[in-house]
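This text opens with one protein chain seen in two forms, each one given by itself as structure tokens under the names structure 1 and structure 2.
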Structure 1
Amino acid sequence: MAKSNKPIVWSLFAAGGTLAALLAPVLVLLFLLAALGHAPGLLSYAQLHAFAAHPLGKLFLLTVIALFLWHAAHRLRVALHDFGLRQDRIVAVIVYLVAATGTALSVLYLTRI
């Protein structure tokens, strides 16, 4: 049987999509409230810092960032093909590299908190 990396790529995409479906609207809403001048308590420095300082908070932020980025990267790859850009190999390398870099940076930043 031919080996394919598709199940791994797709399961991460599906996990990211599900997490984004469940969490992204409410997270965007928190930032929208902050933009409107009604920043929720959690987005204050003291509370967010305490949240990100806790191991479970770090795990939450890392999971959200990594899976959202992977989901967006994989779907963007397919969408660019649908928009008529047919250089799939180059597109795939760029979008997955951005997702991987973002994930690595989030690990770096979270270890500094």
Structure 2
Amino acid sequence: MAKSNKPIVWSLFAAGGTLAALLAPVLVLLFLLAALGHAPGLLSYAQLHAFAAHPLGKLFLLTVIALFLWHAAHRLRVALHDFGLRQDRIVAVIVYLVAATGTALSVLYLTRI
């Protein structure tokens, strides 16, 4: 039996989808409240900066960002295939490279906070 990288990609896709389903609506609601000026005290700049500066906060943010990116990359790959773009190897390399680049840039940015 040939070895495959599919379990790695599928695990990132599944984790990202689960996290997106659970956290995205909450994040949208909180940021909508913040934009309308009805933000709870925990959404103040000082509180959010303190959260992002803490090592566990950085780990949480990196996990959310990375898994969202990998989930989106896989969804985009499948959608492009459904729309008739049959160059799957090229598409896979491009979308996963974008997800990896976004993850690396997130690590770089979060280490600077």
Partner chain sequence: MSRRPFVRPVSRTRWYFKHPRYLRYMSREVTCVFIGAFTLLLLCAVERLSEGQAAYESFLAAIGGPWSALGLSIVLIFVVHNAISWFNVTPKALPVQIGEGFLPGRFIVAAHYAVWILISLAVLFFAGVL
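Note that the coordinates shown come from a computational prediction; the quantities given were computed from them, not determined experimentally. Take the two forms, find the largest set of C-alpha atoms that superpose within 1.5 Å, and that set is the rigid core. Residue positions are counted from 1 along structure 1's sequence.
- Here the form predicted in complex with its partner chain appears as structure 1, and structure 2 shows the other form of the same chain.
- A C-alpha shift of 2.7 Å is found for Phe31 between structure 1 and structure 2, based on superposition of the rigid core.
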